[in-house]
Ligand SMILES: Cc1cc2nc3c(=O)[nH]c(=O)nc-3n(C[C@H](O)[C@H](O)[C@H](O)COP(=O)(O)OP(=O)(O)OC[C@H]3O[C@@H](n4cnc5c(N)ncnc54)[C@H](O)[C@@H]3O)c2cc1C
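Take a look at this single chain, the form predicted on its own, given in structure tokens.
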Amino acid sequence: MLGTMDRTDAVFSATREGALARWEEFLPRASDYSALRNRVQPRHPHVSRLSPAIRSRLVTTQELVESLLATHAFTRVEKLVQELLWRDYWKGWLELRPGVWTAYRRELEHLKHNGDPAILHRAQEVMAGRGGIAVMDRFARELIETGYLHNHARMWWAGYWIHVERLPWVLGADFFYRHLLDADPASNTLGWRWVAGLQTKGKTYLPRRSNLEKYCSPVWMEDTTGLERIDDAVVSTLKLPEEPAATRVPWMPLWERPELPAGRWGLWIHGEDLTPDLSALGRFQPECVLTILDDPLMQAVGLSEGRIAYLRHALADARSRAAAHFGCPVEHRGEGSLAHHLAGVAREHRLDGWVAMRPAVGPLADALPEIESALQRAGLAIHWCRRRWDELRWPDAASGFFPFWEQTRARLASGTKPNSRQGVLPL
């Protein structure tokens, strides 16, 4: 497993201070990203390695984009800006089509409990790094041991799982989600769907030997065992049944900061957004701040020890910063459900309820109806907030990425910093 959290944090920072230091170190080399980003090398020197911090919002897309544009010409870092915005696009796309996430989770549970035993056994072998293609097995072990894979390696491995092993994509997506420190419900699920050919009609991703030999470190390609299985002339697309178009739900605007009634309110900080102090909620004056390590939810999803350790460390960092920023009592709870702890701490501090950043589609959002009902039964309320960046960006993920990107690109390239709905980007 990961060993100590210190080892992991040395590579993937679980603190805001460490993440910002990593970004400052990477920023002078950001203009090289486009040329070098596809090269999969030991310790991943050509990428920022900030994706776990971005995923949990120890740092935000907005501040990284702002610093890029303040230090580099747009044309020199356009590809990096585009890649940063992919995560926002995926989140917006899934927020508008939550049924895709529900269907994925339903199919996953069905396969785990009713799947063909031979398929489930082979899936376990491949996940354990015993699939028979040396480089792919190395990637599987790296994922388990470090909680990370280079994006190009993720695509190769997902393509191998689906199109070579012919295994169900949902089981592979679940493997990634349980282990990747940066696993986001939207980017992980939709990325796997894209590789499978479900997300964009006619688009699949195949792991071709020539591509690995071009971009993967020679050290990792020395063992050629099994490479004949991904020879360019051998690999073929697995044709999956076409799906009906995903049902799109209306966008539900959420104020950047709720107008709270008079009373005593606490701030709940969760792992989906660890810097509410840097949002409009930074002006909020809570009676207390609460973080919760939700053991039942993590066990239900099956998160790895590495993911849990990273979250525990990042929550501790959030508490430290919140104590300094808000100047109020800071509490932490574990070994119990979210609803139980929210109600219990509210009683201890005589609160009328909680304020929190609303999580996007995913396991935590799935738990919200139960949380809201439990708090309501206890006579407590919860008020949700959303960052203005998300409020303005996510609704534009109505179709493909490139229409979404072109709207953004035009404004960034022109150097405008609009502050209205028409402007899209609240830089």
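In this text, residue numbers run from 1 along the sequence as written. It should be emphasised that the depicted structure is a prediction, and the values quoted were computed from it without experimental measurement.
Absent from the display: the form predicted together with the ligand. The rest refers to it.
Colleague: Determine which one of 296 to 304, 117 to 125, 155 to 163, 344 to 352 lies within 4.5 Å of the ligand in the model of the complex, judging by heavy atom distances; exactly one does.
Modeller: It is the stretch 155 to 163.
Colleague: I'd like to know if residue 146 sits close to the ligand in the model of the complex, meaning any non-hydrogen atom pair within 4.5 angstroms.
Modeller: No, no contact at 4.5 Å.
Colleague: Might residue 265 be said to contact the ligand in the model of the complex, defining contact as any heavy atom within 4.5 Å?
Modeller: Residue 265: no contact with the ligand in the model of the complex.
Colleague: Since only the chain is shown here, I'm wondering whether residue 176 would be in contact with the ligand in the model of the complex (any heavy atom pair within 4.5 Å).
Modeller: Residue-level check for residue 176: yes, a contact with the ligand.
Colleague: Can you work out whether residue 310 and the ligand are in contact in the model of the complex, taking contact to mean some heavy atom pair no more than 4.5 Å apart?
Modeller: Judged by the heavy-atom cut-off of 4.5 Å, residue 310 is well away from the ligand in the model of the complex.
Colleague: Quick one: 60, 63 and 397 and the ligand in the model of the complex, is every residue within 4.5 Å by at least one heavy atom?
Modeller: Zero of three within 4.5 Å in the model of the complex.
Colleague: Within 4.5 Å, heavy atoms only, which of 204, 337, 320, 151 is in contact with the ligand in the model of the complex?
Modeller: Partner contact (heavy atom, 4.5 Å) among the options: 151.
Colleague: So the ligand isn't shown here. In the model of the complex, which residue out of 288, 180, 96, 356 has a non-hydrogen atom within 4.5 Å of it?
Modeller: After the contact test, the surviving option is 180.
Colleague: Could you list the residues in 22 to 55 that come within 4.5 Å of the ligand in the model of the complex, counting only heavy atoms and keeping sequence order?
Modeller: Contacts from 22 to 55: 33, 47, 48, 49, 50, 51, 54.
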